[in-house]
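One chain follows as structure tokens, the form predicted on its own.
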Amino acid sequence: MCSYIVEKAALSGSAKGRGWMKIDTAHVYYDHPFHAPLDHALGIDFINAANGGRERVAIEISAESARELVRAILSALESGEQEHTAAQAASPTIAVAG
């Protein structure tokens, strides 16, 4: 049975399929996949809704893979933000005379 339940997330960024495209929305759902050899999959469609949403970059992954991806995203954000904050704090500030 297909649920057709879709969560939407507002995004700001780009995705690459046939070429690079601006994305502003992700449609996220857990249902029967179209292509992945799984009984159920988490699907994410990255689209530019402001441009009509005609193009998309899509993924279908297992629930276990989705959870691992969430962990990796959160870890990358945390360590990346810490690294950039530390680098900014160590950079000397240059005063501009006005």
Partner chain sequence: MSYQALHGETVPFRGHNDYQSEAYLARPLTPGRVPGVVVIHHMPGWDEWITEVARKFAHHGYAAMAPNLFVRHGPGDPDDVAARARPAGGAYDAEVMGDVAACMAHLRALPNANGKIGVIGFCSGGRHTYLAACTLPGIDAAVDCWGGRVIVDDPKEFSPQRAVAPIQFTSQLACPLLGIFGNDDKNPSPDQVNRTEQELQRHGKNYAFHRYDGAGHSFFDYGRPAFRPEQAADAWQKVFAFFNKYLIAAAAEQSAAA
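What you see is a predicted model, and the numbers here were worked out from it, not measured in a lab. Numbering follows the first chain given and starts at 1.
If you look for the form predicted in complex with its partner chain, you will not find it shown, but the lines that follow are about it.
Novice: Which residue among 59, 69, 38, 49 has a heavy atom within 4.5 angstroms of its partner chain in the predicted complex?
Specialist: Here the answer is residue option 38.
Novice: Looking in the predicted complex, any heavy atom of residue 3 within 4.5 Å of its partner chain?
Specialist: Residue 3: contacts its partner chain in the predicted complex.
Novice: Heavy atom within 4.5 Å of its partner chain in the predicted complex: which residues of 50 to 77 qualify?
Specialist: 53, 54, 56 sit within 4.5 Å of the partner.
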